[in-house]
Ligand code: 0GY
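Here's a solo chain for you in structure tokens, the form predicted on its own.
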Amino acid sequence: MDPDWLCFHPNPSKPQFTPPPGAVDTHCHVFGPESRFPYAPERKYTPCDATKDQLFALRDHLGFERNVIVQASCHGNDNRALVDALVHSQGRARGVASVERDVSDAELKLMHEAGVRGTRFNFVRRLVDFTPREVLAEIAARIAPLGWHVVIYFEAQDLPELWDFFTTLPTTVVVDHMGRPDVTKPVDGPEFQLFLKLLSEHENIWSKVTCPERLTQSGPPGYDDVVPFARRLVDTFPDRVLWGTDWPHPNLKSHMPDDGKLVDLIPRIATTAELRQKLLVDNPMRLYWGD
């Protein structure tokens, strides 16, 4: 089956920036191979295969030591490809799954033993059909005793509508991609200030400073319009930020980033060695390997 979006960069550059020892790529995916792990019939996009072996080779090439692999919507709630990657990671990967309300306690336990430490709620309408909030609240209550967290994916204009739900979740909450701000608007404008207010008022909420390639209007390689937003989050909430590649960049149609160049953005958003240590090592190790 042909993918309906760009395939990942075949030969990413070697970054000039060297991540600190123990660095973690906290947002990446595995897809298929379709022959073994079919894509969900209800998917909104079809990816190209991106296997665990390719992911682990990229990890080594970029100078990282660990991965956090996030279930993406094209596999639906079938987490087999994710769990397979975790089992074969030699303890160097953790996972964020996607589950339904009928998931059994035994299934949750098996996923936990494989390395799953969270579940993802997707609120981006063009990617998934919204799950009723009462169902998500029930799932959140069930995973909380495992020490799992909830990852939420939404777009900035929807935050006012979702605020009350997000702020009542009983777990640590990690926001994907800075809440997808409109980077044509000012970093000090009301839309992004609302997101900063969310983190300021709720210490259980974290943010990934990821995906400039999805947010940019100015484009690669510098993604200059995205950098101020990421830097503001790192400076303001240094103990609650995470970084990741988003490899293999699913459902991306504008351009395919060079992952080495994405790594080279890190010193621009985390401007001191102390901030980079927290962003790349201390924070992800506390959240994903702290058990």
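Just count from 1 along the sequence shown to find any residue number. All of these numbers come straight from a predicted model, not from anything done at the bench.
In what follows, reference is made to the form predicted together with the ligand, a form of this protein that is not presented.
Of these, 73-81, 134-142, 109-117, 191-199, which stretch puts a heavy atom within 4.5 angstroms of the ligand in the model of the complex?
In short, 73-81.
Partner contact for residue 244 in the model of the complex: the ligand, 4.5 angstroms, heavy atom:
Outside the cut-off, so no.
Consider residue 126 of the chain shown here, and say whether it contacts the ligand in the model of the complex, taking contact as heavy atoms within 4.5 Å.
Because a heavy atom of residue 126 falls inside 4.5 Å of the ligand in the model of the complex, the answer is yes.
In the model of the complex, residue 172 touching the ligand (heavy atom, 4.5 Å)
No, no contact at 4.5 Å.
Indicate whether residue 250 is a 4.5 Å heavy atom neighbour of the ligand in the model of the complex.
Output for residue 250 is yes: heavy atoms within 4.5 Å of the ligand.
Since exactly one of 66, 27, 52, 240 fits, which has a heavy atom within 4.5 Å of the ligand in the model of the complex?
Contact with the ligand in the model of the complex is made by 27 alone.
Go through 30-49 residue by residue and record those having a heavy atom within 4.5 Å of the ligand in the model of the complex; state none if no residue qualifies.
Going through 30-49 in order - heavy atoms within 4.5 Å of the ligand in the model of the complex - there is one hit, 45.
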